[in-house]
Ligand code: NAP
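The form predicted on its own is given below as one chain in structure tokens.
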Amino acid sequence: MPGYEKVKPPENGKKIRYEDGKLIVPDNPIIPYFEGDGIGKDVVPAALMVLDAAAEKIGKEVVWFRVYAGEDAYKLYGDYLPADTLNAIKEFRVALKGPLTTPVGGGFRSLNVTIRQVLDLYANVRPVYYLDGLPSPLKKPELVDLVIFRENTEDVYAGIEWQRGSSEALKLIKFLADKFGVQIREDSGIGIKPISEFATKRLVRMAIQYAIDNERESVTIVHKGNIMKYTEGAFRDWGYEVAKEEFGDVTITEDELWDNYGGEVPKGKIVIKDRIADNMFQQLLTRTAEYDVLAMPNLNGDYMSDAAAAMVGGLGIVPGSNIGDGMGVFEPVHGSAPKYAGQNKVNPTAEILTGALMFEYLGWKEASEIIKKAVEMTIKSGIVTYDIHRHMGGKLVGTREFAQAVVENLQTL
């Protein structure tokens, strides 16, 4: 058992275990959480209120264990991501987090990326679906029902880069010129983009298994392999290899779909297809219903999930998670929005639905579903926060009041 410097785990509650590739979840699991920065102070307490009510509704209880990351952690530990927090996630396996601030340009590296890499949370999983009543730029937003699997540990997010003019950048520029005849301007910053077979295959493997477990129709590999042939092109090729070698009994390619089945998906089969990333952006808008589960490298996944969120109402709506083998950290897609912090103003829906996604991961699907229904009921009744109110009117409420309304609707289900 890891030691803790400034926090103490709750005495009641039980640990989640991981045995034979499966989570063993007690009725009263200890789950670490941290509010993070900015509006995390508003949305996380609001979400906890809803999650507690949903757990109680199905006869469960979450025993929360407060830990720290971001500015709060720096004040307490002198460290933005203390060992206590990482140890708590390792010990208790599932955690809920608020947004963390990452400076642009200089400053410390992204804490979100660090958490993913240190804990090997290799899949960033972001479901994007429409809640009835939300304003959307689409004519038929109800067609949006996607799950994006974004590789979480490699690509340009690996953080392998050197500043313009640094000795490392200049050495690398010289090495590339001397050894490979590659000419790069000396005033360049240099970054390296690793994409490995190992990381690609485990990500695509998880995406296909999710499609099987949740009766989804297709998995689309999204890449820019026409330009980056040995990184993103390889991602595509390795993805098809996983499908064929490990799931050949339940998967077919798009070519096989048309050549052998006339375009009609046979019962029990999942179609594996691929799209160039820039084309995928417009395909999401023009052929929304054709896409189901998407698997892609890190940077593509970041862009794509934000674009998809805009289709259903924005970043304030969409949940997210970081999943590894027997471990998950759940976070909303949106950032910390520090200018709104402490104002009881922002929309807590993304954090609430992130908690619902966490419950789904625990196997508490009934609780997850009633949270989604209660959120939808609240929005349809016209009780909304400012971001939605400015588009559709209704009764304008604050962060806490919206969560309270969700709890009241949840009690009726």
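It should be emphasised that the depicted structure is a prediction, and the values quoted were computed from it without experimental measurement. All residue numbers refer to positions in the sequence shown, first residue = 1.
Beyond what is shown, the protein has a form predicted together with the ligand; the following relates to that form.
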Selected contact from Asn300, Thr288, Ser218, Ser336, since only one has a non-hydrogen atom within 4.5 angstroms of the ligand in the model of the complex: Ser336
Option from 352-360, 61-69, 383-391, 46-54 whose residues, in the model of the complex, bring a heavy atom within 4.5 Å of the ligand: 383-391
Partner proximity in the model of the complex: Leu134 to the ligand, non-hydrogen atom cutoff 4.5 Å: no
Contact flag, Ala374 vs the ligand in the model of the complex, heavy atom cut 4.5 Å: no
is_contact(Ala367, the ligand) in the model of the complex, heavy atom dist at most 4.5 Å: no
Proximity of Phe247 to the ligand in the model of the complex, heavy atoms at 4.5 Å: no
